[in-house]
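First come two forms of one protein chain, each written alone as structure tokens, so that there is a structure 1 and a structure 2.
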Structure 1
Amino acid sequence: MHMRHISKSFGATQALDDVSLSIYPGEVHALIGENGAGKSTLIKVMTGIHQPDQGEILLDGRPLQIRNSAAAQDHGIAAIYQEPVIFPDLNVAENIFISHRDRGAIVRWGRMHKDAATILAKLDVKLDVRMPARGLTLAAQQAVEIAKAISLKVRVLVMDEPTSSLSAHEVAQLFKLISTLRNQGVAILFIGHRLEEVLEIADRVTILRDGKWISSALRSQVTTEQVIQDMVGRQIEDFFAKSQAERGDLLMSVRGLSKENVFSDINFDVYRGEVLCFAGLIGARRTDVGLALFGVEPADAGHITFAGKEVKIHSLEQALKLGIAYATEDRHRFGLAILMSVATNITLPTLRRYLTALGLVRQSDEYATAEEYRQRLSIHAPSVKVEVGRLSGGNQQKVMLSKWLNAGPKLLILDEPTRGIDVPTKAEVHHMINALAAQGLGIILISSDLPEVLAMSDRVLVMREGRQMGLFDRKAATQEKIMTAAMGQNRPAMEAQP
């Protein structure tokens, strides 16, 4: 299969820019890149979910038009994801053949069970085809997904982060399955963030960055250092750099923060006027730590000292009373009331300030506050009375920031504050973060954008799969060092807490 000069944009965002990729029968081709590199978009073009703006796809030398996932399936192109699509109330055989449209209206149960057992045997997977899928382990569910693809005569199999939730033993089982498929002539596109696993299983490696093709090479021709360099080769100077603010007193100290099966033994300090960045790849559990500090998903163990006092944060209300605010990465689902006005959104967490003795909203005061933030943060809206849903993504982000700034926080947790917004607005948000730090706020910035992390941080805490992998001050942090820690390559020693 050949993808030639594929380009795809969504509005002003260029997700793919002239990307070419070839996948050959009987090989495992690894596709690597940072979050936002364009990997997911390329997969969706390949499987018919998105149509490319430019470029072509060829199979056996013939151009294809893959208009939907059913068409991709007809051509033998399938994908499995980190969360298998399994119907828990159906048995193993039913899950394997659920996508078939050519076996007639009457189910021949005996034939289906026999065919399912044959496919699993080819994969050397021992499962009872009559058992309900509800009781399967995640690794077994993935095996069923692979068997489903085999039943559809798959020729090109995309595996998107298939090891992210697997134990070391389950990964070994999966790699055995992949080797079996490779020996049967299936072309496999393998996407992963665990670099040591990717380089173990891959025959060839392609790297994307910012929606562009960067390099392709045989596995034997690349090193870990080269892969990381290609992944993070952007110039930090292209982004707004944080000016150095004077650091104030210790605001928060966290020791041994843990939540069972989520994250463990997280340790850091945050000072007034400081930006502490949480860095890591998908599945690092950075957001879970932020939610624990905000009381939404409290930690099970550990100690938190805030403004000189040891505290237990078990609810959002407790966090707000302490002076902790959290701007979520998902502004549509959790950050904003999209159908309500700009003014209502900005004053929502502090609504009691705007109520009369009878419980009615003093709209003049509410509008005055909202107008102050509209001007202060340059929110482009015709009026504070307009629905937030009518604003651009960048302006919605500014409304959400206004909402939490109006609460008067001492510590502001910003989770992916520039995701999905254009470059000029991103620069505005960076300036805001810089100004807030200069005013003495402590800021925790959770970001998947490595140039942003390096440009905006005073210190960087790197996480991987719920574990703290490194803590670097601004001078010590480099792109290579952060990516090496995020991928679990030679876990670095922790920098001393200042």
Structure 2
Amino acid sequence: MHMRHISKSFGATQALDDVSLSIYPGEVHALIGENGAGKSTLIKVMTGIHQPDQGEILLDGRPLQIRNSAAAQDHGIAAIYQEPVIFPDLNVAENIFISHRDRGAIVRWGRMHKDAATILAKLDVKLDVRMPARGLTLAAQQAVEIAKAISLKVRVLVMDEPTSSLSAHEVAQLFKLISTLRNQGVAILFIGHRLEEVLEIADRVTILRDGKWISSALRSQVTTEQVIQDMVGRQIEDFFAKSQAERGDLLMSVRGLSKENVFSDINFDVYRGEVLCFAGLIGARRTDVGLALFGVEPADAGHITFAGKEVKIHSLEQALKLGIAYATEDRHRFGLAILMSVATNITLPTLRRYLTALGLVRQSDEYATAEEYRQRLSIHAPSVKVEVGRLSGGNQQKVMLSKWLNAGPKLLILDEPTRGIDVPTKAEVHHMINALAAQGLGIILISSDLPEVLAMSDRVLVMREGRQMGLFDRKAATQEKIMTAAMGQNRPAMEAQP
């Protein structure tokens, strides 16, 4: 399959500018680029969701008009999109087969359930195929998406950041599967931000920057450094900065925090200037602990001391008042008002600061603040007045971070803050975390990215299925130890209770 001279613009944004790309059977082709480089747009052109302004697509050397995703499917092109697209009221099996057109005129439920179970087994995912997809975790949704794509008889399979919410174990499983498909002669286009992963699986690498094609090369002919350099157009020495903040006073101490059927007996302390990482596999209920501390889904039992006072966090307002902020992992549902401007989003939790005596909003101040963050976090947006929905995924993430930084919290809970963020931005976020810690903030960093956990943490709390499996000091923490605890093989005693 060849894509030639593809261009696409959205209003003033030139998302793709004369991009060409060839994908060959039996090969994994990695597409890499910064946030907003145009990767997602390119594959949406491939699958007929967007029509290109110019350029052509050739399959087997014949030019092709892909009007919609059904047409793409007819040509054997299937895609997994960056944001999982799930039908919550249909069950898992239906979700997998809903768009198939070769399964006869009548739905045979029994066969469908069996087939779905078979496919999921291949992925080594344990899900009840009769459950409605409502309430599946992001990871499970992602797994269903993958199952859906591979159940089609595909010739070209596109995966837009399929691993962004998967844990190491699931990623391994997925890669095994990709290899199998590759051996069957399927052409695979793979998009990802975790470089080491991408480079592990890829046979060929193409790099986009600002909607332009930069380079294409065989994997064997490029180095990681080269790739990064091409991506950003400049040299980057070090993208996992180490925290060097001084540990301050005790900020919060949590004892025996429990919520029925969700998590139980969580114990930890956070000091000012410290980064406490929550590690674990998907479904470890780290998010739920975060939500409990933020007062959204309060815990039912346990003691919390915050800044020296015993407190009960039962509402979000109260958490905010105490100085606890939580940046969600699911920015579309909980993080950003997509139709509102960047500025509006950034000042939302702190709007009170921008009011006149009459309760009216001082918009100039608001814009000034937003502008400040746009520059500090280098948010790529034409202005702070554009709608957040028009930014790329990574830039949206930065807007969400700005929003909480502007609240000036004492404790900042970051849930997967670097998910779906490109490498340079990731580095920026890490620098920022360090800077914040240096200012005396306590930070809880929930992350599934093990290298990130090891690099960023002062201490690591490992969870599994709602239970605390261990708390490691930075020095004591190794990849093996964390994984062992997260997988639940043994349950080491609290090694590093300070």
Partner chain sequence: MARSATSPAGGRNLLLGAWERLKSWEGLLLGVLVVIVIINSLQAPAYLSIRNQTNLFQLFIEKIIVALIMTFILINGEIDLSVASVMGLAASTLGRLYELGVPIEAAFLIGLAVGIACGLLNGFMIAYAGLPSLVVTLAGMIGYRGLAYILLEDRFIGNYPEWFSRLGQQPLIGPFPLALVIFFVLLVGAIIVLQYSAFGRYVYVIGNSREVARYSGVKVRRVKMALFIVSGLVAALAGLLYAARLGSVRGSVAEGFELDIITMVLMGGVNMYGGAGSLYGVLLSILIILNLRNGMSLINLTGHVQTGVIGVLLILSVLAPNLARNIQATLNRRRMRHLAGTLSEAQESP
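Start at 1 and count along the sequence of structure 1; that gives the residue numbers used here. In this text, rigid core is short for the largest set of C-alphas that superpose within 1.5 Å between two forms. Quick caveat: nothing in here was measured; it's all calculated off a predicted structure.
Legend: structure 1 corresponds to the form predicted alone, while structure 2 does not. Taking the rigid core as fixed, one finds a CA shift for residue 473 smaller than 2 Å between the two structures. Positional change of residue 219 between the two structures reaches 2 Å or more at the C-alpha, relative to the superposed core. Once the cores line up, the CA of residue 152 ends up 2 angstroms or more apart between the two structures. Superposed on the rigid core, the forms differ at residue 113: its CA is offset by 16.0 Å between the two structures.
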